[in-house]
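A single chain comes next, written as structure tokens; it is the form predicted on its own.
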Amino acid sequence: MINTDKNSITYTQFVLIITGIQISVAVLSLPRKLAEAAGSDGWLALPLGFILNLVCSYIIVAVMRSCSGRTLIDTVSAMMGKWIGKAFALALAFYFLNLMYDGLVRAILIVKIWLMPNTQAYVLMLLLLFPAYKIALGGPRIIGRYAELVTVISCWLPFVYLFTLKYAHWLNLLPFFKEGFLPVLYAVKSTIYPTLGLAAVFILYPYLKNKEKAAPALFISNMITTTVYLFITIICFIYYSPHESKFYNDPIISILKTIEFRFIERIEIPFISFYLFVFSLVWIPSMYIVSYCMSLVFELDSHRTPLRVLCIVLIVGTFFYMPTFNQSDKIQHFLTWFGFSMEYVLPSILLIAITIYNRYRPRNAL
């Protein structure tokens, strides 16, 4: 059992942390990838992805409810042995390490292109990790409060995109299913990476105060994520057209260059700065999860030491090597399939295994 008294999180914080992990840097290129996969019907894949994530969410909640008040890692250790439990913790740490690293790399590449082209990547990594370390060190409660703060200060961002509607061409969305249903079904694959993060429930669920609200919380979280992605994708499609969206690597940033205000010359500058707060919600919880899992593997009392080692390795590693956009795309491609295994396939297997174990286990085995 873990002590959750000092790190308990509220229903709202739970929703915002999961939403923050999902709405990551992938939102920047999502309209382009959907347009490449299904043309003007690409946005129709998002509701299908929502249904898929909803099913996945309920399976994960069912798994956690079957753990008899213990963490999932403790349950796996009790079922299959200590070393299998550590192997599961390592797999979870490796998964969130990749998710965190891709978020950091993508953010640094965007900052170098749009804001600070002459700044070294390792310097930007240091600047991003310093506040992230302090927040992740505080545990789930501090991360939850930070998620609430980011939501408050960035909730105005979507409304600026409404200024593009005066140039909108709604006919770009028609006709629906013009090439049939198969391209839309194929485009669902492009929604997997942007919605990854549900596996964080494996770690955060024990900290939730009202655990009976976990399923409604994940429903709301997935709904918020899908609504944001639908809004951004439709804005890009009706402004650029699906065909033109393919030529912009990050359409939701490029579209900002067409918005003009008298009091500011380049609106994309403050936008990217605020986007960094939003994007930090993917690497800060991931940093905590990675360090927490490693503390379990090495049987440490705190996640402080693994967190410090993680930050040092990231900064030193960036000094010697920094991925390009193409290499970042390869990481995202890997995460799409790895994330599908961790968040869609693995929970189903765990639910079956735990259900069978709880039915046939000796009394008081867990």
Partner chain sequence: MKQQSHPFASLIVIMGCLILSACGDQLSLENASTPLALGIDLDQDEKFHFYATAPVYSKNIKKKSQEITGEAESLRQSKALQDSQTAGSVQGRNYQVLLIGRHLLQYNDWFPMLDVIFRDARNTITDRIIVVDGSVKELLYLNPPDQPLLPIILRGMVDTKTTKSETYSTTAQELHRQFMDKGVTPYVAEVKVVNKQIQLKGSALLNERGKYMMSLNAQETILLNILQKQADPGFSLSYLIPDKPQTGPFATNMLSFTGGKVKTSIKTAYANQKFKFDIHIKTTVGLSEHIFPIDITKDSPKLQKQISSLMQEQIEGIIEKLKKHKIDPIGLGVYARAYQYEHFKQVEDEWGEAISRSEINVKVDLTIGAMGPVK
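Positions refer to the first chain, counted from 1. If you're wondering where the values come from, they're calculated on a predicted model, not measured in any experiment.
Beyond what is shown, the protein has a form predicted in complex with the partner chain; the following relates to that form.
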{"query": "In the model of the complex, Tyr95 touching the partner chain (heavy atom, 4.5 Å)", "finding": "no"}
{"query": "4.5 Å heavy atom contact, Tyr239 to the partner chain in the model of the complex", "finding": "yes"}
{"query": "Exercise: Asn210 in contact with the partner chain in the model of the complex, heavy atom 4.5 Å", "finding": "no"}
{"query": "Partner proximity in the model of the complex: Glu268 to the partner chain, non-hydrogen atom cutoff 4.5 Å", "finding": "yes"}
{"query": "The partner chain in the model of the complex: contacting segment from 156 to 164, 95 to 103, 80 to 88, 175 to 183, heavy atom within 4.5 Å", "finding": "175 to 183"}
{"query": "Site check Pro216, Asp329 and Leu335: each within 4.5 Å of the partner chain in the model of the complex by heavy atom", "finding": "no"}
{"query": "Sequence-ordered residues of 104 to 127 touching the partner chain in the model of the complex, heavy atom within 4.5 Å", "finding": "Ile113, Trp114, Leu115, Met116, Pro117, Asn118, Thr119, Tyr122, Val123, Leu126, Leu127"}
